[in-house]
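Here we start with a single chain on its own, the form predicted alone, put down as C-alpha cells.
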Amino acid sequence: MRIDLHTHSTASDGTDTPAQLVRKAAATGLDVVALTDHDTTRGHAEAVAALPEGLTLVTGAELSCRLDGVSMHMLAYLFDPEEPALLAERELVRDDRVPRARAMVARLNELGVPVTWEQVARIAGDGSVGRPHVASALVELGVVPTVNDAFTADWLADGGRAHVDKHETDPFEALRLIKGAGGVAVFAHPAAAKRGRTVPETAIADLAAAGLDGIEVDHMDHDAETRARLRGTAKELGLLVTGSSDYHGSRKTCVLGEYTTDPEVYGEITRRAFGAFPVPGAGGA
C-alpha cells in the first residue's frame, strides 16, 4: 500500500489541477493521496469528482504558522472544512497573500527586477497566490534558473531582500483549531533548513504536549541523518512518523510518491480524525 500525504494543486501553488493530480497519483501507483493546498480546501471538490477507482483521497490543508518569528507549516488532515473557527483563520491567512505578494513585487522592482503584479497574477491563476508564484516570475525573467534558486537571501527566503512577512497562525493556536475541527495535525518538514530558518527541534516537545499528532520525517529536504534524528524524537515523544513527496507538479523537483507513509500510521490518522473521512475513488470523470 503506497500512501503520499502531502501534495499541492493549482488551488494553491501546484501546477496540476486537482483532477490532474489525482489521476496522476493513480497512474503512479499510489493507493492513498492527500491534497494539502496552502491554507485552502478549494481543490477538494474537483479532486473528489475526478477520483479514480482504487485511489483514496485524504482531504487536508497545509497551514501557514509562525513560532518566535520563524515560519513553519502544519499539515491538517480530515478536519471539518466548514468548522467556523478554523475556516475564519484560513481565510485570514489567505486574504493576506495578495497584499503580501504585491509588496514583494514592489521590493523586487526596487532591486531592479522588472517583475509585475500582472505577471505574478497570471502565473497564480485561480490559485492562492504565494512566494512560489513570485519565484516562477523570476524564472520567467531569467533572474534565477529555478524556483528553488529564488528562495535565497538574495531574493525570497525568510529575511531575504525581497521577502515580506504575511499573517501566519501561532502553531499552538493552529493545533487548537485543527483539533476543534476534528482533524489530525502533523508538523511538515520540520528540519528543512535549506528553505531558511527552522524552529528549534526542542519546540516539538512543546507542540506534542499541546496536541501535535506527528511529524513529517521522510521528505526530500531531510537528509538521512536528519531523518534518523527526527525518528528518534518522534519515538521519544510518542508522535506518528509520516513520509510525503510535497509534490507541486512541475514547479518543484519533488516526485509524486517519492516518499510515503506507513499504512499503520495512515490507519492511526484515520482513527483519530472525526471531522471528515477518507474518500474512496469510484471512477471519477
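Here the structure is a predicted model, which means the values were calculated and not measured. Start at 1 and count along the sequence shown; that's the residue number.
Not on display, but discussed next: the form predicted together with adenosine monophosphate (AMP).
- With a 4.5 Å cutoff on heavy atoms, Asp13 counts as touching adenosine monophosphate (AMP) in the predicted bound form.
- By the criterion of a heavy atom within 4.5 Å, Lys194 is counted among the residues contacting adenosine monophosphate (AMP) in the predicted bound form.
- For the chain shown alone, Pro132 is a contact residue for adenosine monophosphate (AMP) in the predicted bound form, at least one non-hydrogen atom being within 4.5 angstroms.
- Contact between Arg97 and adenosine monophosphate (AMP) in the predicted bound form is found at the 4.5 Å heavy atom cutoff.
- The stretch from 202-210, 76-84, 147-155, 109-117 that comes within 4.5 Å of adenosine monophosphate (AMP) in the predicted bound form, counting heavy atoms only, is 147-155.
- The candidate spot formed by Lys166, His248 and Lys252 lies fully in contact with adenosine monophosphate (AMP) in the predicted bound form, as each residue has a heavy atom within 4.5 Å of it.
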